[in-house]
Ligand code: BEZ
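Only one chain is given next, in structure tokens, and it is the form predicted alone.
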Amino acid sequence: MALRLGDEAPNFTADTTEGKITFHDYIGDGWCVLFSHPKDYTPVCTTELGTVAKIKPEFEKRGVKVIGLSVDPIEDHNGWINDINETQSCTVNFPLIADPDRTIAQLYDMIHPNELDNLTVRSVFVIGPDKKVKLTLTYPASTGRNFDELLRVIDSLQLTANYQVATPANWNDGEDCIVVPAIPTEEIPDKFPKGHTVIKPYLRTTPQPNK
């Protein structure tokens, strides 16, 4: 059964390119992005892993660990990393999970028979410090993932986890937010002293509270 938002991310122990891990211990008390790849030595995923290596400091600024997965063994991962470093002008600086028996892929419903019946689809899971799934995305093999969008969503998730706001369409860090409907308009000044705008009784905006 597919993981739903709010479900606990299944724990597992696995070999990675940086040693054996237990997933919940790896997450610790921070955030984590787990993303899967159909197979090593595939072109789109080569560009993706290179991109993540280059922008890893952006994830770290947000307290987020990144970890990849495919169904190939460690030996193939290590060879592929050499190619990634060469072709993408980077140094892969995060672990890749080996899942040759597809145990983790099954736990996370990463194998979709209508797409690839023996390989993982290109899934993304954002997991919070409470080990709960906060976001899921699934991409087709032909479309590279947008990691700027993933960082944008993490900014929103972390903001809305700590303040009673939501983020509007196309929101970026630093822009105005929406006050959640549960807060009566008369209570907004006390909760959001930077000011607010009432557009409709159900649509009230305020400057981002943590900026």
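Keep in mind that this is a model prediction, so the values were computed, not measured. Position 1 is the first residue in the sequence shown; the rest follow in order.
This next part talks about the form predicted in complex with the ligand, which is not shown.
- Interface membership of residue 44, defined by any non-hydrogen atom within 4.5 Å of the ligand in the predicted complex, is confirmed.
- Residue contact check for residue 141: one or more of its heavy atoms lie within 4.5 Å of the ligand in the predicted complex.
- Under a 4.5 angstroms non-hydrogen atom cutoff, the ligand in the predicted complex lacks residue 68 among its neighbouring residues.
- Although the partner is absent here, residue 38 is a contact residue: one of its heavy atoms lies within 4.5 angstroms of the ligand in the predicted complex.
- Residues of just one listed stretch (44 to 52, 178 to 186, 162 to 170, 25 to 33) have heavy atoms within 4.5 Å of the ligand in the predicted complex: 44 to 52.
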